[in-house]
Ligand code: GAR
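Only one chain is included here, represented as structure tokens and corresponding to the form predicted on its own.
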Amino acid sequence: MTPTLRIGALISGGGTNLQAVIDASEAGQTGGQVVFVGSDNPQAKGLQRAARHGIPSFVVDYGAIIRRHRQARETFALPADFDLDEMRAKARLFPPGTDTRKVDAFLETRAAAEAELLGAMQSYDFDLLILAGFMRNLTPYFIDRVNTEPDRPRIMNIHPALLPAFPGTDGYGDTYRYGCKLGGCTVHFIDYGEDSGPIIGQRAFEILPGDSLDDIKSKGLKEEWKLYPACVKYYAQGRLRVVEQTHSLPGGKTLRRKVVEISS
């Protein structure tokens, strides 16, 4: 398969899923190639993986940006096109009743970092952005500037749980502590919520009596490394379509939900 899909990647740590996508792409199994790797963490070991494959990389230090905001919010530089009211209205990352000061600080610092991310990404043409262990929630500011076509999302994420169960940063830990008999991973498109976007693919594994959390993580990673390249391949083949489904619920209620259809 001749690579045609240009893939950008964002990471925060070791980048094992990044490696899985790079390896599958170099083997001609995804229909794409990774054209850049970005990170919020200057110490991310995944940056070394990019270097070994000759893939250009960059860092936007989120920690430094957040510290600057805490020290001098009144003079903190926000993007010229940032609209706080618009971001408040769109973001679905906080439960109702969350302190508005906390919400505003989050949206402001992330938008400042995301503006730098977008600036760095402008140097590269890309068709799909994959989050491969990128441990930062994206705000509508960033999402809207990457997803320029509403019906064609371009940001894909992998999550260590069978969504919609156990969103958040510790999917395998939550699965373990809940006593689940099955664990798994999910690839989904990003939306304005936390791990709430339309599901593209999932893989599951059995949790056996006596399995430790480390056992579950090990099993899960092996499934992740299979699932992510497969979902990237679907995207490269143009087989993914996001549609809105409407469901009638008891009591006259209606549920509308965007889902991913995979064509044969």
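So that there is no doubt, residue numbering starts at 1 and follows the sequence shown. Quick caveat, the model's predicted, so the values are computed rather than measured.
What comes next is about the form predicted together with this ligand, which is not displayed.
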- Quick one: does G133 come within 4.5 Å of this ligand in the model of the complex, counting heavy atoms only? yes
Can V35 be called a contact residue for this ligand in the model of the complex at 4.5 Å between heavy atoms? no
is_contact(Y172, this ligand) in the model of the complex, heavy atom dist at most 4.5 Å: yes
Might I66 be said to contact this ligand in the model of the complex, defining contact as any heavy atom within 4.5 Å?
no
With the partner omitted here, the residue among I199, L221, A204, I55 that in the model of the complex has a heavy atom within 4.5 Å of this ligand is L221
Exactly one of A111, M87, L163, I158 comes within 4.5 Å of this ligand in the model of the complex through a heavy atom, and that residue is I158
Within 4.5 Å of this ligand in the model of the complex, heavy atom basis, the matching stretch of 164 to 172, 98 to 106, 138 to 146, 79 to 87 is 164 to 172
Applying a 4.5 angstroms cut-off on non-hydrogen atoms, the residues of 54 to 78 near this ligand in the model of the complex are none
